[in-house]
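A lone chain, given as structure tokens: the form predicted on its own.
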């Protein structure tokens, strides 16, 4: 049995990587820290044109009708490029949740085309909503039910983040201003699993980028007449990061398959993947900072873009400790 990705899936990933290299370089990510929107001009429209935004929407709604296995590689690339837009929330959670519920078809159509942005706030995902001020619609949880709210009808209070390109907000809304999407606990559980999977995929992408730039740095940086990377301790640090990534990545892919196929132990596998990916990116952040030395602390150096994104994603949609407790509960160990 062949568990590898298809040529089409890999080519789609490569096309998205090329786009992000062009439209989402470090300088553009930096601009999202201080501009009014917290986003990169033109990137959202290009992602829509490529079909990324509507990848999981049904074909009759203008989407590609694909699933989590097709999307997971693209989210990994979004992590590698530190994309500031709420791509995970919009594409991996909001659009498929609304489509599955068979509601708000006009919002789904607009979301697929990139005309509007939909972000997500679930109780289990944390108290704040990513991109709340920049979004047009909010998929929010209240009383264990999912509701769609126009952003203009909600009260949004900005909240500072360790990563200023991830604009967070505290959201309050009245049920009278919201449309019920689903009161089925299975829909809420699936939405959370999709979000946790997406965060795990982005963690792997950030971790890989940190490893790549650190390997390049220690090969170029010389001390006492030899590359820093020639030191055995540095090699061990980076080898440990590489191992953590190589163990986490297949678990993320396996979790994507579990969601796409409706596997019985879907939530358990998602939590295993998120726990391993959170640990991997945390280790990658720590070792990258250590191997770069003092320059890694400076805001002028691009490394801090991925450090802050990595630590933010490690905690987003549940940190490793929370997901390990979820695994323990699934195995009836807690």
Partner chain sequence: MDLTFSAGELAFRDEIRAWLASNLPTEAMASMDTPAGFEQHRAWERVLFDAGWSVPSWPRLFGGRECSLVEWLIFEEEYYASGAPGRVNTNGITLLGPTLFAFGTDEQHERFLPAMASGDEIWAQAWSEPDSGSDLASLSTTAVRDGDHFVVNGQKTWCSRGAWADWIFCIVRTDPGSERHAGLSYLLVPGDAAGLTRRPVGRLDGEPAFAELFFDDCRVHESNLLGGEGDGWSVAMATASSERGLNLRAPGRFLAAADRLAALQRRLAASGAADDELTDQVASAWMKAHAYRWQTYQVASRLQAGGTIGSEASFMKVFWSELDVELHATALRLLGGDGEVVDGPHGRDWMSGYLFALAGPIYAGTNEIQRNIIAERVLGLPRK
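Computed from a predicted model, the values in this text were never measured in an experiment. Positions refer to the first chain, counted from 1.
Missing here is the form predicted in complex with its partner chain; even so, the following discussion is about that form.
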Looking at the partner-bound form in the predicted bound form, is residue 192 within 4.5 Å of its partner chain by any heavy atom?
no
Although its partner chain is absent from this view, report whether residue 180 comes within 4.5 Å of it in the predicted bound form, heavy atoms only.
no
Proximity of residue 289 to its partner chain in the predicted bound form, heavy atoms at 4.5 Å
no
According to a 4.5 angstroms non-hydrogen atom cut-off, is residue 115 in contact with its partner chain in the predicted bound form?
no
Contact stretch among 168-176, 122-130, 243-251, 146-154 - heavy atom within 4.5 Å of its partner chain in the predicted bound form
243-251
Please tell me whether the candidate spot formed by 4, 218 and 276 is one where all three residues come within 4.5 Å of its partner chain in the predicted bound form (heavy atoms).
yes
Within 4.5 Å, heavy atoms only, which of 272, 28, 43, 283 is in contact with its partner chain in the predicted bound form?
272
Along 306-334, which positions have a non-hydrogen atom within 4.5 Å of its partner chain in the predicted bound form?
321, 324, 327, 328, 331, 332, 333, 334
